[in-house]
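Quick setup: one chain, the form predicted on its own, written in structure tokens, and binding and motion questions come after.
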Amino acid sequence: MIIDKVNDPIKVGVLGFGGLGQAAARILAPKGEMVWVAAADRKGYAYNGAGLNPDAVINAYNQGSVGYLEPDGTLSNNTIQDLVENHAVEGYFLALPNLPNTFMADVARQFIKSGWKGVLVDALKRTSAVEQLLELQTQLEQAGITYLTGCGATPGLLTAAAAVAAQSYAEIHSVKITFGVGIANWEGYRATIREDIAHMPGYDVETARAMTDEEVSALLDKTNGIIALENMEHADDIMLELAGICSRDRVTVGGVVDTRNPKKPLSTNVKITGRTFEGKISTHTFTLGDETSMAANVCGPAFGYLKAGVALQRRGMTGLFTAAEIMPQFVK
């Protein structure tokens, strides 16, 4: 069956307005199939049914909250609830830090409780966070919510590439994801960097969450701005297992983040090794262009999956899906 084309622009909201949220707004600006109508942070939200201006919202955010946007901003202590209950939005990208590790599941429960029906997309990293969402599968389905999880770069783009590449093989021996991220200034991605620190030896989610900006800067001074990560708890493993590609113990994720240089320290890639039906052992490698930023590789797929989620939603398909079982649709 050919998926119906989306005729009217999809009204999209972005929850969380740090580095990824701001990049998401800029990615949406030139799109014709989606219109960015809502943004929210911890202190307020902004809504305009005809579309928001990224520069204006970013300027308001720099004053303390998107809620300061005139005349479309509202200050609130319950931003998600107030935004969802008062304004029509078909899909949200949850550009939120998953700190603590239960946070995204708690957000999902807020949407379920609100009675809202629509599409949610996240860029979750941790396996345990996705496992918490799996426990909400039935509730999401009954609430009329189509939720796509793990839809960033990794998990997300690279997980989907692994799922496609696996088709050449009769058996998958290993999936190895290696990422390189370069950013000029870590303060622009505070939450993302803290999530990465949580994967370092001697740190966990709560430790990283409790660190002050000064403590993060001191740690990065010790490492010359480099965060090197191995054998991370990354949801690519559970997503590929759920999709029937391979058991999670055959999936490994690691990489290097340079917090002081926009140039990637190494090329991001995924290697899928397996045995063909003829008995040959081979490896497929999918490498991302070094010129593509973390923001481009996270937010772009997120909106591709959001568009796919809307197509599912309009057919009455609700519940929880992952980036390894649904193909994203390119947003024009």
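In this text, all values refer to a predicted model and were calculated from it rather than measured experimentally. Heads up: residue numbers just count along the shown sequence, starting at 1.
Heads up, the form predicted in complex with nicotinamide-adenine-dinucleotide (NAD) isn't pictured, but that's what we're talking about next.
- Of the heavy atoms in residue 20, some are within 4.5 Å of nicotinamide-adenine-dinucleotide (NAD) in the predicted complex.
- In the predicted complex, nicotinamide-adenine-dinucleotide (NAD) sits within 4.5 Å of a heavy atom of residue 195.
- At least one heavy atom of residue 103 is located within 4.5 Å of nicotinamide-adenine-dinucleotide (NAD) in the predicted complex.
- In the predicted complex, residue 162 stays away from nicotinamide-adenine-dinucleotide (NAD), with no heavy atom inside 4.5 Å.
- Heavy atoms within 4.5 Å of nicotinamide-adenine-dinucleotide (NAD) in the predicted complex are found in exactly one of 130-138, 206-214, 238-246, 116-124, that being 116-124.
- Using a 4.5 angstroms heavy atom cutoff to nicotinamide-adenine-dinucleotide (NAD) in the predicted complex, none of 148, 232 and 326 count as contacting.
- Interface residue among 172, 108, 83, 153 relative to nicotinamide-adenine-dinucleotide (NAD) in the predicted complex, by the heavy atom within 4.5 Å criterion: 153.
- Contacts with nicotinamide-adenine-dinucleotide (NAD) in the predicted complex, taken as any heavy atom within 4.5 Å, map within 188-218 to 188, 189, 190, 191, 192, 195.
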